[in-house]
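Listed next as structure tokens is one chain, alone, in the form predicted alone.
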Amino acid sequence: MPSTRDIRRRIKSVKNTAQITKAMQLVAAAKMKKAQDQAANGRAYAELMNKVLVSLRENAEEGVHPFFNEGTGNKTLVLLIASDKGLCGALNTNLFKALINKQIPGEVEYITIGKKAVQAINRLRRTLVADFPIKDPARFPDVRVVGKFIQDKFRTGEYKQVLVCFNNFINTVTISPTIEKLLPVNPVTLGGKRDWVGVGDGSAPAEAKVDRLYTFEPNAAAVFDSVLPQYVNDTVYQMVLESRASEHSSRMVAMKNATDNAKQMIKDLSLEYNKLRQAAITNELLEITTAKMALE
């Protein structure tokens, strides 16, 4: 049975831990607000560009641009976006499980963003092509390097498709591990289901369809050569923003739960300490009473 001294030490230790988790919760909450705003502000542009390009892909001529068609090879390139740090609950674990459970045909090679992603690929003994460390908050010029690398790899034709595995931010308590096809151009879901998914294949509602009559100057090939690289860079950047918003939200929630658990543990330990202290006082009173009765 622990002594009162041991319980006091445990209470002090848990209080120190609670102070640390509370501070981390406040820091994560501040970063979370900025990351959520950044992710939300970029969605409208990314969604509209994807919406237009999906419609154009369905009506474009064969071979007008390589990003509209699958590569001739049998390999798949996967961009895995995870966090640099831990203490964010099951965020990365759920993401890696979704990737493992995904049945991807053919040979698969990986590009990573985030230290946890590198560790996961090495632990799973998968083929790692490149790793790109992106600081927080993410800047578009840094992510543009990743987009250019992906485009150069896809243009070689050895990759049939390019997938992105990331945490899709829905709200503070709802985060969805998502695997989206980046290339060839495909409907992409950011921040939840969109009503325009399926544009061009007849499955989208009528109000989600866009005007398919476009005029290209000087020609379609020149426009696609300019727009599609920008689309890839912006989509990858938006996915990184979604992942960062998910990371800070998960860390804030995890630290809040840790702080609440620490407070409950302090209450339980304080109750146990008071019981032991009361028992010790009772025993002392019994000893004094017994000794007094023996002297009489």
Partner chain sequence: MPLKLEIVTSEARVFPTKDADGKLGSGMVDSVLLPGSDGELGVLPMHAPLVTTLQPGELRFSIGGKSTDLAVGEGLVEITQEGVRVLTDMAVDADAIDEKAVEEALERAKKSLAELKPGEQQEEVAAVMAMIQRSTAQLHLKRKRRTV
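Residue numbers count along the first chain shown, from 1. Since this is a predicted model, take the numbers as computed values, not measurements.
What comes next is about the form predicted together with the partner chain, which is not displayed.
Selected contact from V64, V52, M265, A30, since only one has a non-hydrogen atom within 4.5 angstroms of the partner chain in the predicted complex: Answer to the contact question: V52.
Which listed residue (N122, N171, S226, N101) meets the criterion of a heavy atom within 4.5 Å of the partner chain in the predicted complex? The option sitting close enough to the partner is S226.
Region of this chain that lies against the partner chain in the predicted complex, out of 143-151, 69-77, 82-90, 111-119 [heavy atom, 4.5 Å]: Among the candidates, contact is made by 143-151.
Can you tell me whether T215 touches the partner chain? I mean in the predicted complex, with a 4.5 angstroms heavy atom cut-off. Result yes; T215 sits at the interface with the partner chain in the predicted complex.
Looking in the predicted complex, any heavy atom of L56 within 4.5 Å of the partner chain? Taking the distances in the predicted complex, the answer for L56 is yes, it comes within 4.5 Å of the partner chain.
So in the predicted complex, does any heavy atom of A44 sit within 4.5 Å of the partner chain? Although the partner chain is absent here, A44 would touch it in the predicted complex, with heavy atoms inside 4.5 Å.
Hey, in the predicted complex, is L48 touching the partner chain, heavy atoms inside 4.5 Å? Yes, L48 is a contact residue.
Counting only heavy atoms, which residues in 61-78 are within 4.5 Å of the partner chain in the predicted complex? Nothing in this stretch is in contact.
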